[in-house]
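Read the single chain below, which is given as structure tokens and is the form predicted on its own.
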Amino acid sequence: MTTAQHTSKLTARGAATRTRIVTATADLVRKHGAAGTSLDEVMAASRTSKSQLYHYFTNKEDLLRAAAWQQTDRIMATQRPELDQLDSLAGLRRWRDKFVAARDEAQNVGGCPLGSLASELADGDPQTRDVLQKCFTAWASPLLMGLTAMRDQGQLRPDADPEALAEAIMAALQGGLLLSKTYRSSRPLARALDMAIDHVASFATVR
């Protein structure tokens, strides 16, 4: 469930308070990790009381799940409009170029906010792991839609599997981000995405 869906049934004031808490949490977790972020720090950063925080969230795990959706929303927003124009090889490459350029602009510092959160939390609470899976699925959904359209329009062979191709691109993306963060260079990310997109191109009906 996206951040907007979570706040749709709240009053305007309630939605603003909840969003402020989640945004503060996402920012703190981005800097210090989930384990390094306390509820006291969240309350201070969001200017909310303990009663307000527990009105919207049952515990820290519940809050971290909301932060995961916040990070997903942020990530996807930075990739638009290219993220919604992935129904061609050219579109995939434009999205790749924008992603790599953004990492260069950030000097390859920080890695993936959602990937970092998943690395820290995926072996813990099953409900949190389920939310993280849904976050990655939401992020990959434009890829899946675009690849499906490419196959249905005859750009890719009928034996192309859009779900497998989208998963492979996301795996290349996450691995590339980790190495790019480590090497402080976008080269591993660029190469990983190029190889994943070249794999898609291997199913093209017109070379």
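This structure is a prediction, so every number in the text was calculated from the model and none was measured. Start at 1 with the first residue shown and count on from there. Here the rigid core means the biggest group of C-alpha atoms that line up within 1.5 Å when the two forms are laid on top of each other.
Note that the form predicted together with the DNA isn't included here; everything after this is about it.
Screening 142-150, 156-164, 40-48, 176-184 for residues having heavy atoms within 4.5 Å of the DNA in the predicted bound form returns a single hit, 40-48. Using a 4.5 Å cutoff between non-hydrogen atoms, residue 60 counts as a contact of the DNA in the predicted bound form. Proximity of residue 17 to the DNA in the predicted bound form falls within the 4.5 Å heavy atom cutoff. Looking at residue 55, you'd find a heavy atom of it within 4.5 angstroms of the DNA in the predicted bound form. Once both forms are fitted on their rigid core, the CA atom of residue 139 lies less than 2 Å apart between the shown form and the other one.
With the core held fixed between the shown form and the other one, residue 53 has its Cα displaced by at least 2 Å.
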